[in-house]
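Below you'll find only one chain, the form predicted alone, shown as C-alpha cells.
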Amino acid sequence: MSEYRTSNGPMAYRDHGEGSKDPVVLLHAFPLNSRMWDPQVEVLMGERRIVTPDYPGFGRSPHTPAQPDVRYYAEGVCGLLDRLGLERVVLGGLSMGGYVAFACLRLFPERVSGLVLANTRPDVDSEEMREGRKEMAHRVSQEGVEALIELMMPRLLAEETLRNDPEVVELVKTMILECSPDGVVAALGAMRDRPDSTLLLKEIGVPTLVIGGAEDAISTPDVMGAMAEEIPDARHVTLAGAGHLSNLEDSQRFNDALEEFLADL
C-alpha cells in the first residue's frame, strides 16, 4: 500500500502489474475501499498496470478535514495520475466510483481512453434519497460505522449472495468497518449534492463498458440500460443474480466482460 500527498493530506492507493497498454484506474464504491477490486486486480495485473485508490476516510486514507464535493475526489484522482506520471488511463468506477468517474470526465477528459461504469447512475438523488443520506449520516455520527452494516448490507448485496456467499458478506462487512465516521459523513454529503451527469453521457467520446447486476435495486438494469443507450460507444452487460456489488458477487463473469472490453483498447 502506497500513499501520496494531496493539498488536504495523504491518500492511499494500491499499484499492481505492468504492461504496454494504458493503465486501469478503478474507483471503489461507498462505503468500501480499494480492496473490493482485488478479484479484478488478480486477473488483470498480468497484462495491465492497475491502480486502486482509497478515498479520504476510507481504507487506509485519513479522512478529509472539510465537507468535500464530488469534484474533490476527482481532484484526488487527478493528483494521483500526476504523481504516477500516467498521461492516459482506462477509468472505472462502481456506484460512488461512477459518480467520481463522471467528475473526472469533467475535470480531465483528455486523460481518459476508456470508461467502465459499474452499478452506478448519472442522475441526481431524489428528495427521498437525499433525506435518506442525511439520516444515514446522522446515524453514523451517533453510532459509528457499525450502523452501516444494518443500513447497507441488504442494499449492497443480492438476497442470494447474503444467503449463500458468506465469504463475500464477511469481506463487505470488514471493509465497511474500515471506514472512518467522518469519511462516511463527508462522502454522503458529496453524493447527496452531486451534479446531474445525464447530459454528459452524449459527450463521452471513448469506448465505454456499462455493467451491473440484474438484482441491483439501486442502479437497476433499466437505469443502466438507459444510460448505455445515451453513451455513443457503449456496450451494456447485465449479470444475472448479482446485486449492487456485481464485481464481487459474480467476479468471474464481471472479469470476463472487463477483459473482453479491455482487449479492444
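Don't overthink the numbering: it's just position in the shown sequence, from 1. If you're wondering where the values come from, they're calculated on a predicted model, not measured in any experiment.
Same protein, other form: the form predicted together with a small molecule, not shown, and the subject of what follows.
Novice: In the predicted complex, which of the listed residues (Met96, Leu115, Val140, Cys104) lies with a heavy atom within 4.5 Å of the small molecule?
Specialist: If I apply the 4.5 Å criterion carefully, the residue I get is Met96.
Novice: Using a 4.5 Å heavy atom cut-off, which residue among Leu209, Ala29, Leu44, Val51 comes into contact with the small molecule in the predicted complex?
Specialist: Only one listed residue qualifies here, and that residue is Ala29.
Novice: Give a yes or no on whether each residue among Arg133, Leu156 and Met191 has a heavy atom within 4.5 Å of the small molecule in the predicted complex.
Specialist: Every listed residue reaches the small molecule in the predicted complex, so yes.
Novice: Residue-level contact is defined here as any heavy atom of the residue lying within 4.5 Å of the small molecule in the predicted complex; does Ile218 satisfy this criterion?
Specialist: Although the small molecule is absent here, Ile218 would touch it in the predicted complex, with heavy atoms inside 4.5 Å.
Novice: Do Met152 and the small molecule share at least one heavy atom pair within 4.5 Å in the predicted complex?
Specialist: Close contact exists here: in the predicted complex, Met152 approaches the small molecule to within 4.5 Å, heavy atoms only.
Novice: Where does the small molecule sit in the predicted complex: which of 88-96, 74-82, 142-150, 170-178, heavy atoms within 4.5 Å?
Specialist: That would be stretch 88-96.
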